[in-house]
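Have a look below at one chain only, the form predicted alone, in structure tokens format.
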């Protein structure tokens, strides 16, 4: 991995070397994050050419979540698996598109494990809307499958690559949240925002209005109160895109449990979406909740568990919680 500064622009590789200088796993974590960035570059290329490569639409078949798999889901999943499985620091992979953990240890007993959503919001590809790749890096000591069930606070790194009008790589290694933008002229990720903090003055409210009749009454009423007290609605429909807007512009995102078969169930994947994004939000000074608990303290019960998810700046999340319990 080269150490490069182009003019006054700090590249990802140089930033990682300096940012992790005091870490006892500096070299190993550098390689993992760099490989994730490389996977993001390849997926960005495929996203940009998807219409030309016949990568729009469904691939046929369903994934472990009983959802129709998109062609670009398959392609993105294979790209991430191919790159990360060659990294000797990684012993296990878990993907939203895979039924079980992929063991790439080659007999090694310790190393990193990586959970990822290869292409969040992939149904948006056909309309050229924003999509992204989400990832979570955890330590593993001996039992790969069990180690994926660690709580959010155990993550060593997490973040996402967003494919929109530009390709941006946002991540944390527990020392703030940083954004790098892909320079298409030289293929380098360049630092564009350092130590991002979520604003505390925005009133943006993001939720799927079509699901509101399925929310618990207290949650639907709390959302109504937020809107009536000056909230402005914003909703893209791809979690990674809604998260990025909330991170930079402030506000709150809500995906409460929805009614199903006489009970209420969460819809978002804890392992591949909630846990890594909660880590980023926490490092940016915001709040992330699973069932009213700090998402960083909650451990998944199984690999493909779904949970409700609320995140945003502290003021508006606290206001939402207060409204929920007001009589």
Ligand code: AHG
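Positions refer to the first chain, counted from 1. Everything numeric in this text was worked out from a predicted model, so none of it was measured.
Although it is not shown, the form predicted in complex with the named molecule is what the next lines describe.
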- Note on the structure: The stretch from 120 to 128, 149 to 157, 191 to 199, 82 to 90 that lies within 4.5 Å of the named molecule in the predicted complex, judged by heavy atoms, is 120 to 128
- Here the chain is shown alone; which of 237, 187, 230, 174 has a heavy atom within 4.5 Å of the named molecule in the predicted complex? 237
- Query: Would residue 282 show up as a contact with the named molecule in the predicted complex if we use heavy atoms at 4.5 Å?
  - Reply: no
- Distance check, residue 218 to the named molecule in the predicted complex, heavy atom within 4.5 Å: no
- Task: Decide whether residue 179 counts as a contact residue for the named molecule in the predicted complex under a heavy atom distance cut-off of 4.5 Å.
- Result: no
- Query: Taking heavy atoms and a 4.5 Å cut-off, does residue 268 contact the named molecule in the predicted complex?
  - Reply: yes
- Task: Can you work out whether the named molecule is within 4.5 angstroms of a heavy atom in all three of 208, 255 and 273 in the predicted complex?
- Result: yes
- Listed by sequence position, which residues of 170 to 186 have a non-hydrogen atom within 4.5 angstroms of the named molecule in the predicted complex? none
